[in-house]
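What follows is a single chain, given as structure tokens, in the form predicted on its own.
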């Protein structure tokens, strides 16, 4: 039987220690970042769900958040399309909501991504603020027509996610 040299064992232990320390430091950075948002638990859920959050700086975390807004927007558009088929009387309001969520996915998200990559956090923040406003406008449109919204949960989640991401982006200002 061949035994490892003390130097090999020491080197392995040091590498293991360094890897563990680095991972703990990344986790702490994410936790501290999320404490500065309106919903720390939601923030952690968004960021930790993406493996790219490890070894990320604040801009990278903001980009991960913007991607989460895009995912939620696309999911909500699919929900709207399904609701148009199952609840045809709501179609005018659903059309309005679909336009609002298209603005989120095809205008707000790309402009926020571009702004973050260009170091223009203020413009990225504006995109996330608008994403929250669009979700609120969609929800309000149902009340304005005297209907109960079938999208309350989705609109609230989009509003919450956009505001968490907006808070992360504000840390860059």
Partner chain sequence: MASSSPSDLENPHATCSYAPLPGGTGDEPTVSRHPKKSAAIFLVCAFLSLAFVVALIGVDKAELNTNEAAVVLSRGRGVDKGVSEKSFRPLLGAENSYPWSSNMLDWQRTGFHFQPKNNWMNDPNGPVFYKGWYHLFYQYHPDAPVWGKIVWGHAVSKDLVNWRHLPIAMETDQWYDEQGVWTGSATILPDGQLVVLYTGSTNESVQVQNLAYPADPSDPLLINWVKYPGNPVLVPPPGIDEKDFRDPTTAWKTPEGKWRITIGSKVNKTGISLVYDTEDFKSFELLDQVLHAVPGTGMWECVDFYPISKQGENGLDTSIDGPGVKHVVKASMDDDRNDYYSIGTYDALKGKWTPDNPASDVGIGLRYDYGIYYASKTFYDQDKQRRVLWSWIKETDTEASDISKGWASLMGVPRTILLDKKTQTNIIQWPVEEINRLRTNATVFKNLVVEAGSLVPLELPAASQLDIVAEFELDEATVMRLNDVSDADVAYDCAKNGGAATRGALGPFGITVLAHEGLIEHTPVYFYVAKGVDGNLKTFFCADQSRSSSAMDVDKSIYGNVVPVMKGEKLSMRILVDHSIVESFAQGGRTCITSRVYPTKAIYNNAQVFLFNNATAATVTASLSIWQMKSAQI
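These numbers come from a predicted model, not from an experiment. Positions refer to the first chain, counted from 1.
Another form exists, predicted together with its partner chain; not displayed. Remarks below refer to it.
K.L.:
With a cut-off of 4.5 Å between heavy atoms, is residue 99 one of the residues that contacts its partner chain in the model of the complex?
P.N.:
Taking the distances in the model of the complex, the answer for residue 99 is yes, it comes within 4.5 Å of its partner chain.
K.L.:
Quick check on residue 58: any heavy atom within 4.5 Å of its partner chain in the model of the complex?
P.N.:
Heavy-atom contact with its partner chain at 4.5 Å: absent for residue 58.
K.L.:
Taking 4.5 angstroms as the cut-off for heavy atoms, does residue 70 touch its partner chain in the model of the complex?
P.N.:
Outside the cut-off, so no.
K.L.:
Determine whether any heavy atom of residue 137 comes within 4.5 Å of a heavy atom of its partner chain in the model of the complex, and answer yes or no.
P.N.:
It does: once its partner chain is placed as it appears in the model of the complex, residue 137 has a heavy atom within 4.5 Å of it.
K.L.:
For the chain seen here without its partner, which of 117-125, 33-41, 48-56, 61-69 has a heavy atom within 4.5 Å of its partner chain in the model of the complex?
P.N.:
Going by heavy atoms within 4.5 Å, the stretch is 117-125.
K.L.:
For 152-173: residues with a non-hydrogen atom within 4.5 angstroms of its partner chain in the model of the complex?
P.N.:
Residues within 4.5 Å: 166, 170, 172, 173.
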